[in-house]
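As C-alpha cells, one chain now follows by itself in the form predicted alone.
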Amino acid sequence: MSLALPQPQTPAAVREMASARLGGPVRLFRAPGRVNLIGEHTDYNLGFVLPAAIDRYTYAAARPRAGRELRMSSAQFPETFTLSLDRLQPIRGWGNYLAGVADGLQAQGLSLQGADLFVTSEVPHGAGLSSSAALEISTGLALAALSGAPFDPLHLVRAGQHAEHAFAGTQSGVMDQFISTFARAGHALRLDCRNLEWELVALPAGCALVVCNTGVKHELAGSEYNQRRKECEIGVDLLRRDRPEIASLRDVTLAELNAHQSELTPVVFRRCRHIVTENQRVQDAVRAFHEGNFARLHRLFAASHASMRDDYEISCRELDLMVAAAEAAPGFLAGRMTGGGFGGCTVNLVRPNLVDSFRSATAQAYAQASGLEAEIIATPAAAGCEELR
C-alpha cells in the first residue's frame, strides 16, 4: 500500500475551508502526529516510551448544533457520518474513531452536545506517525470544549484509547494519545505507561529530527500488532508461575527472563526479550539525551532496530533499507524504525547543518536499493493539542 506525507496547511486556510463546508464560523482545534524516538511496543506492556510530537497535525473544526447528533465530514475521505450521542457504537470508516472518542468522553461523565465537525489531516494514514491518535485527540478536544464543562486532559487520552480498544479493535497502549495531548515544543516526553508519570526531555541543540517515509505499509500490520500483544501476555502468564507478583514484562529483568528461557517457546522468548531490553534502552536513551551523548544514542537506536527486526519481527525490507541508507548519509547520528512496524517511517537524529545533505543522500540510496521514492522531512519537536484562537 502506498502512502504519502500531505503538505502542511496554515490554520487560516483550514478555518476558511471549514467555515465554507460547515456554513458559518467555526472553532478550530488541532492535535499533532508523533514520532517515537525509542521504546517500541513497550506501552501496552506498561513500560517506558520516549515519543515526540511532530509538526504535522489533524485539524478539527466544530460548530455546535441543537440536539444530540454529530455530523462529520472530512477533506480526505468522501464518507460523511451522522451519529446520535445517545446510541454510539462501532461503525465502518474514519468516523469510527470519532464515535469511539465521543463514547469514551461520555463514559467518563462529560455531557456532550450535538455538533457539526469537519476534519482535515496532514498526518498520513499508515505511516507509523499515529494518524489515529491525532484524529482522536483533535476531535475529542473539540467535543469537550464545545460542551462548556471543565475537563482534564487525561479525559482525552483515555477516550482516545477507548476508541482504539472498543471501536477500532486495536489493543494499543496509551503512548500515542498521551504525546498528542501533552507534548511540549523542543522536547521529547519520557512516559511511564504504568502510572502515567512523565518528564520532559529536551532535545539537544546538536541534533535535528528527520523522518524518512518508506512509502509502503504492509497489510499484515493490524493483525500482527494484536498477535504480538498476545505473545507478550503468554510470556507473562508463564513467568508469573514462579513469581506471582509479575504484572507485566515491565517487572521482568533480562537475567530472570534468560533463566526461564526453557519454559517459553522460542517465539515468545524473543518477543519478551525485545520488551525487556527495549525498556532498558529507553532509560539509557533519556540519560544520553541529557548528556548530549550521540555516540551512545547511535548504539541504542541501532540495538532497538535490530531487536525489532530479529526478536519482535516487525521490520520489513523497506525499513531495513531505509535505515541502512540513512546510516551512510552525511550528518547521521542515530536512526531506527518507528511505529507499529511492517512499513511506515524511520526516525533519525541528524546534525542540523547537514540536514539537506542527509535528505538528498538518503533518498538517492533508498531509491537505488528499493526502487521506491522516499519522502523525508525535518520536523521540530512540536507542542500538543490546542484550540487555535
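In this text, residue numbers run from 1 along the sequence as written. Given the structure is predicted, the values throughout are model-derived calculations rather than measurements.
Omitted from view is the form predicted together with ligand ADP, to which the following refers.
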property	result
Close approach of residue 151 to ligand ADP in the model of the complex, 4.5 Å, heavy atom	no
In the model of the complex, residue 287 touching ligand ADP (heavy atom, 4.5 Å)	no
Residue 74: touches ligand ADP in the model of the complex, heavy atom cutoff 4.5 angstroms	yes
Partner proximity in the model of the complex: residue 128 to ligand ADP, non-hydrogen atom cutoff 4.5 Å	yes
One stretch from 307-315, 117-125, 203-211, 230-238 that, in the model of the complex, holds residues within 4.5 Å of ligand ADP by heavy atom	117-125
Within 4.5 Å of ligand ADP in the model of the complex, all of 94, 97 and 135 (non-hydrogen atom)	yes
